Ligand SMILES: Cc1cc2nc3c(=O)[nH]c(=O)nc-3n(C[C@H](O)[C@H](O)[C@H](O)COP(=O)(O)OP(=O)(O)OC[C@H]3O[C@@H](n4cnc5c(N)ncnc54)[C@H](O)[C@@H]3O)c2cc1C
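One chain follows as structure tokens, the form predicted alone.
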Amino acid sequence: MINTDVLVIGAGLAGERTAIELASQGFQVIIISLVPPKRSHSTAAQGGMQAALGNMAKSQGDSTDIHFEDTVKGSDWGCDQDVARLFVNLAPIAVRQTAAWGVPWSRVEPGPRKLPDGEVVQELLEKEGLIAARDFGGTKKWRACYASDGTGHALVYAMDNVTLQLGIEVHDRAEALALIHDGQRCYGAVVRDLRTGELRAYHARATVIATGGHGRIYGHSTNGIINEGTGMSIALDTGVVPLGNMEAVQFHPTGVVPGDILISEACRGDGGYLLDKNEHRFMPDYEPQKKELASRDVVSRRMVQHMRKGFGVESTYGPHLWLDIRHLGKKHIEVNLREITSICRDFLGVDPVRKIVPVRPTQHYSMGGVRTNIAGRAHGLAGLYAAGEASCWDLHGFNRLGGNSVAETVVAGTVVGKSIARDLEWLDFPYSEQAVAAMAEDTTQMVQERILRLRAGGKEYVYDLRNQMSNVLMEKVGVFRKGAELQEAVDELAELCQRSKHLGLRSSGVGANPEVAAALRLPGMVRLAFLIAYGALKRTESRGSHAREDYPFRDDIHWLKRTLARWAPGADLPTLDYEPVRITEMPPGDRGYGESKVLAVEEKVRA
């Protein structure tokens, strides 16, 4: 058994920032990761990191109050407003700190500049060299700080360098399969070495889940192939830790067709247009003010609506629309959108300087995750924490604004790291080494028995079930949802949950075997898929990314609350509970974009 003060599961931005905060205060930290940190999915973040700096001409007057308002409206009043306030206050500090660590943020260049709509603005000389920002959807001010369109890449490389400087251990190509706990406190995790197939136990005074999202349970996702919801699954397996708002799944408007690789919101923020099969710019017809820069849930729905009307471009891979950035010019595209240019040229054979790019809404982000309080402490299990996309902190409510997730990883990592440091310094975590060793041995034995059952052979094949799960979600729990289809999805996924108990292998199952890894993950993935469908079925309203065609109104009277899902070990079905969304500053109102259909509360909701 390997001992450490803190075990961080996940080496993306949230995980490494948490580890840095703790290591800088003298605690021993070990990070477990499926891949080397510089290959984490955080590197795929392209467009920007939201922080109210106010350095640009179109940022003047920006403040943390305006950022707060944008975040609450973006969440469709589903977020925790105390968390949102903490976040917007810390985001400017976080972006400046990363600059000190070496992130090459794009900088303000003084002088006149012509915007795509013809407006000419004057960037001030006194702002020269300060961190620049671009326009992103759902915001009143230009606020997304960026490093060309490789923001995540720049952040990860800088942060990983700090991790190395602090001597933080990273055990990569390893996967956490189960948490070690007694139903009240978490003591670490059992981990499988993906190089050898061997199991080892980690004992930690504090354990952090920072494994990112679950996008790969959908058939089409912008997420990397490692984003399968592992951290959420092992928390759910405890039976006592709830997952929050799992029905809240964001679709990004511009995934490329085919391949579903993300085309950054920066393209639209810099002035790109969405076109239909007639090369007509249709978004102003639906959203005359925000146009392509309404929030992501609104733009995705408008795109699907437009394709349903017959204006989609038919292709071998299904209908799609076009993204046009040609009018931005060769220099702008190849400097500020160079990663997008490479993706289009390398994966589609399309040069965006000269041609329009095929795009459609694609699963992108999970607002749901391990439910935590404002300090990042997981509900239900002491000693367990979560940060980033794997958590339901709950900054995003039912829709995340572009750029807020990158900022959240850095801010939440800082907050969680400080919380753990305080807990470890002042709180006595009582445990018997013998008792923890016995728990670790029992948990390891449980995982080993799962592997032996797979080798013994069941009738179900992991990839068949996985494809069925993904198809059910894409077809019936997508951008638009209906009660009848959701019920079908729940029934089909319940059956897949049962079938996933009888998986067998077509390989030997020995050593570094990818089929074993897939088979160990699949039951948890199917349970996450079930929670998404089940929570969506029960939530009889539309809010943010959760759009019910049979319940088109946002219902603040009955549904201004957060879903909490628990799944007891051995149970066939989960239990859903609800907690009220605390309104501490900004009462529910009109978002200012998208269709305004609200069943409003009769009086202000206060904490």
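If you superpose the two forms and keep the largest set of C-alpha atoms that fall within 1.5 Å, you have the rigid core. Start at 1 with the first residue shown and count on from there. Because the structure is predicted, anything quoted here is derived from the model rather than measured.
Just so it is clear, the following notes concern the form predicted together with the named molecule, a form of the same protein that is not shown.
Interface residue among C267, V370, V406, V472 relative to the named molecule in the model of the complex, by the heavy atom within 4.5 Å criterion: V406. Here is the short version: of L560, I30, L53, A44, the single residue with a heavy atom within 4.5 Å of the named molecule in the model of the complex is A44. With respect to the named molecule in the model of the complex, the three residues A19, G413 and G417 uniformly fall beyond 4.5 angstroms at the level of their nearest heavy atom. Contact with the named molecule in the model of the complex, defined as any heavy atom within 4.5 Å, is confined among 221-229, 507-515, 302-310, 236-244 to 221-229. The closest heavy atom approach of V108 to the named molecule in the model of the complex falls outside 4.5 Å. Under a 4.5 angstroms non-hydrogen atom cutoff, the named molecule in the model of the complex has V35 among its neighbouring residues.
The shortest heavy atom separation between S545 and the named molecule in the model of the complex exceeds 4.5 Å. None of the heavy atoms of I131 is located within 4.5 Å of the named molecule in the model of the complex. Using a 4.5 Å cut-off on any heavy atom, the residues of 359-375 that reach the named molecule in the model of the complex are, in sequence order, H364, Y365. After superposition on the rigid core, the Cα of L90 moves by less than 2 Å between this form and the one not shown. For E408, the Cα coordinates differ by under 2 angstroms between this form and the one not shown after the core has been superposed.
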